[in-house]
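This document starts with two versions of one protein chain, written out as structure tokens and named structure 1 and structure 2.
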Structure 1
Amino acid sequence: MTRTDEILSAAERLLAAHGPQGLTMRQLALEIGVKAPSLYKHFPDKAAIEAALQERALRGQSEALAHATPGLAGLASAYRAWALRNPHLYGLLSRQHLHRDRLPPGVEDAAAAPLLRETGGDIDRARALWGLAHGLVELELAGRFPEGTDIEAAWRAGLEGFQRPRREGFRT
């Protein structure tokens, strides 16, 4: 494992454990047993580290979705599970600015592909499905649902609208 990877792994650990506020150059250096200024020999600035973390997150999410149980319910379940298991990594993708310019091309599309596939290539429905999943996850992570809420029931209710066939008489 190169030092660069070591830094990123430590950053991931730090983010997971203490959230975005806990990811500082000082703490990061402390975590890998080095002094803060040394980090700048490996990354030009903090934004570069965040960008690298976003790339990792997108890849992880892609893989989780790609290996989901086939079908709408399976995909949704995989989406939610990954987000709940990596709440701060998920937040890094949605709550922080996405450093598109520092991202290798294709990673973003790769994460979206499973959703697009599920809607049969309908881009509008894919985006709506993304919105539904993203919204429910964010509300859950933010603790906006009251204690004891049946969140799975909300998912089922929302996914009902995405069952085929949508337009009557149309069949694939």
Structure 2
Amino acid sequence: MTRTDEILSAAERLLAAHGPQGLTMRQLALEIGVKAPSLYKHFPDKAAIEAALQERALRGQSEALAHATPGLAGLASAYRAWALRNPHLYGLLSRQHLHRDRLPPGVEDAAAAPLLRETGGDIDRARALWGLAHGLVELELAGRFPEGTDIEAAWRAGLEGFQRPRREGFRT
């Protein structure tokens, strides 16, 4: 494991244990047993560490979606499962500023590619599908569904609208 990998693994542990506010250069240095200035040899600032963790998250999400069972339900299930297994990384992607300017080219596109494929390349439908999945995951992670809620039924109902043929315009 390289020193950079060691730093990122420690940062991920801090993120999981203390949330984004607990991910500081000082805490990270303590976690790996160095002085904080030593971190700057590997990362110029905290934003660079966050960006590297976001890259890890996007790659992990891409991997999970690439192995999803075919179809919209399989894709949604893989997205949900990855988010629930990795809530700290999911939060870093979804609740923090995305450091697009620091991500390697193509990483974000690779994560979005399965959604685009599933929606026939329609970027607006892909974004709407992502919004649905994101909203349901956020509610589940926050424990916002009332006890006894059939969360699977909520997912099925939401996905139903994307499985119907697209209508052109509205009728009144």
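Just so it is clear, the model here is predicted, and its values are computed rather than measured. Basically, rigid core = biggest C-alpha set you can superpose within 1.5 Å across the two forms. Structure 1's sequence is the ruler for residue numbers, which start at 1.
Engineer: Only one of structures 1 and 2 is the form predicted alone; identify it.
Structural biologist: Structure 2, which is the form predicted alone, differs in this respect from structure 1.
Engineer: Once the core is aligned, does residue 103 move its Cα by at least 2 Å between structure 1 and structure 2?
Structural biologist: No.
Engineer: Do you see a C-alpha shift of 2 Å or more at residue 16 between structure 1 and structure 2, with the core held fixed?
Structural biologist: Comparing the forms between structure 1 and structure 2, which are aligned on their rigid core, residue 16 does shift its C-alpha by 2 Å or more.
Engineer: So, superposing on the core, is the move of residue 29 at the CA at least 2 angstroms between structure 1 and structure 2?
Structural biologist: After core superposition, the C-alpha of residue 29 moves 2 Å or more between structure 1 and structure 2.
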